[in-house]
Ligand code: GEK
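Just one chain is shown here, as structure tokens, and it is the form predicted on its own.
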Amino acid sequence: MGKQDDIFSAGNLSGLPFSFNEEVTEVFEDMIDRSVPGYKTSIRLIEYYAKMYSQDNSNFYDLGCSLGASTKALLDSIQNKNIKVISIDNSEAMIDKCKRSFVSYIEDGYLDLKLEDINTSEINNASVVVINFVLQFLDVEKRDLLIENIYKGLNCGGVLIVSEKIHYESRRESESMFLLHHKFKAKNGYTKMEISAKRDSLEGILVTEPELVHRERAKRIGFRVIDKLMSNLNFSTYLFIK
């Protein structure tokens, strides 16, 4: 576990606006555990479904891998199959820390880490692709193009696992979930000031979409199965099958 997240504590607002820089990298594990309900469950789901849908002699992709929690789940799911995990992020700090964390996997040829923009990454011979709480940080107009690119690179029967923070069309439901999420973070030790400061830092950076948009996008692009695997407050995990 990395350092405790105190980026937005009193007198320390250097995280404005939010970015995945070295400061965030140092506290990211603590930050996401205390901020995202169901995060650990999403990681377990990735390992479970990667095992179920893995194909021999194929690739797994972790797009926007951050510190590699999803990458580790994919690596743990390989078993005896001839599979390579390709993990990609555009944060140099994140990739550098992943390189230190996964030395043996890299040396043994199981993992390839890439510092690049996932919007321009090549997806080839993929049986499993993961985007875990990443799509929400991309420009809205680029999201269709990314999912289309993934779809083209997936083998028949391959899967895309997507976790996202979503919002609701109903104002009442949105306000209710906002308050519950606020309480979740407060229970995990964040002060009102920290919660407010982080929310301000993410304004315009993290842009959510309703569940229906995610489902319609996947259907329009061609996925034949669209399942929700988990929902925890306003955070959900989906399985799309080609």
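In this text, residue numbers run from 1 along the sequence as written. On a predicted model such as this, the values are computed, not experimentally measured, just so you know.
The same protein also has a form predicted in complex with this ligand, omitted here; what follows describes it.
In the predicted bound form, this ligand sits within 4.5 Å of a heavy atom of residue 116.
Within this chain, residue 132 lines the site of this ligand in the predicted bound form, having a heavy atom no more than 4.5 Å away. This ligand in the predicted bound form is approached by residue 66, whose closest heavy atom lies within 4.5 angstroms of it.
At the 4.5 Å threshold, heavy atoms of residue 39 reach this ligand in the predicted bound form. Among the residues 207, 177, 32, 213, the one placing a heavy atom within 4.5 Å of this ligand in the predicted bound form is 32.
With the partner omitted here, the residue from 83, 159, 94, 147 that has a non-hydrogen atom within 4.5 angstroms of this ligand in the predicted bound form is 94. Shown alone, this chain has one stretch from 148-156, 168-176, 133-141, 97-105 that lies within 4.5 Å of this ligand in the predicted bound form by heavy atoms: 133-141.
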